[in-house]
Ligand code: NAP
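What follows is one chain in structure tokens, specifically the form predicted alone.
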């Protein structure tokens, strides 16, 4: 790390004890900024880097609610409004037992630069709760969402902070949250939440956007290497929206997607995943991937039960042991470690694009760099979701509704632009072909210049 930046990182560690995910995200950014501070001393003079690493606002609140048995339950809610130099805070809500302040801060920090890369006028934030929607009835989820929004509503608005969905928060949860916001405020403020249903202010392509966008970015990497998805073998981790629609777009571009995973294990289908069957199992029936293997003769299921991608230390291995040309980690943070990365490299993988937020550990990223594997970080490769959320905000503001084809074309245009910007920035700052450096530097400079223009606030 540049000696000018080390004291800033030391301060981050001291001010945010125990928040390991946030430390990891901050270190990744600071490791890229050495050439920037050398070329732009004005950022250091105005303490831009120190300020961008400190959230503008951190909100923590209790969420009491009553379950179906009449028992009072208690969860904790979070919203970290990290940076609004480019526009209103924008970022999802995550409902998962693992959620704590460090997770929310890492996600919000990444969101600042991801949103900047889209070129859209949106700042960065994130939120959520340690509430687990799995196994809960619709009525319980509704009551939780209503209690959550009863506190959150006072901190958000279409010109202030615009939440969306994330892990554990889909269309059902967004509906309950929006209904409570409307009830409390007596305003039909469509732009206050994104990820809404198509019939009440949502945008076409939003469900598919993160997965499609990841593949569009990977496709640009392949084009830069005079290649394409045609004839390539792809492995995807996860089996939620991001993974399913990444697999769908990769298949449309001529690839064979041979594996995906969930928290119980992974499925391998050498003939290529049957996307219709996968959607039925995961989106309609809400079952484990073992049900996919039971219904398809060419598939086999490998149980791991150790998380979305398995564990390299388990006898069953992980989804990353399946040979592929292209890997798309689309499950959760730090799911792909150094051992997984070595397995991918040994098996001939040449491109890795993150569909999830920070799914690759620093050790994995180093393995890819040392092996010459093209690696696209999540803040660039998975920006399609928030880009389409911003497109939803545009439609809400103009009381308009766009076609699927028009919205998808705008998504592809944005992702191609992000790719080209990352590549050009990496080259300009002495790291040709390094998408991590390109994404970090390009996103940071856009935010830093805006912060300079706005003064010390």
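Residue numbers count along the first chain shown, from 1. Keep in mind that this is a model prediction, so the values were computed, not measured.
Just so you know, the form predicted in complex with the named molecule exists too; it's not on screen, but the next bit is about it.
Enquirer: Indicate whether residue 241 is a 4.5 Å heavy atom neighbour of the named molecule in the predicted bound form.
Expert: So residue 241 counts as contacting the named molecule.
Enquirer: Is residue 357 a contact residue for the named molecule in the predicted bound form, using a 4.5 Å heavy atom cut-off?
Expert: Heavy-atom contact with the named molecule at 4.5 Å: present for residue 357.
Enquirer: Under a 4.5 Å heavy atom criterion, is residue 332 part of the interface with the named molecule in the predicted bound form?
Expert: It does: once the named molecule is placed as it appears in the predicted bound form, residue 332 has a heavy atom within 4.5 Å of it.
Enquirer: Is residue 167 near the named molecule? Define near as a heavy atom within 4.5 Å, in the predicted bound form.
Expert: Heavy-atom contact with the named molecule at 4.5 Å: present for residue 167.
Enquirer: Select from the listed residues 83, 129, 210, 318 the one whose heavy atoms reach within 4.5 Å of the named molecule in the predicted bound form.
Expert: In short, 210.
Enquirer: Which of 263, 347, 75, 180 has a heavy atom within 4.5 Å of the named molecule in the predicted bound form?
Expert: Residue within 4.5 Å of the partner: 263.
Enquirer: So which stretch, 145 to 153, 116 to 124, 250 to 258, 167 to 175, is the one near the named molecule in the predicted bound form (non-hydrogen atoms, 4.5 Å)?
Expert: Partner-contacting stretch among the options: 167 to 175.
Enquirer: What residues in 283 to 300 sit within 4.5 Å of the named molecule in the predicted bound form, counting heavy atoms only?
Expert: The one in contact is 288.
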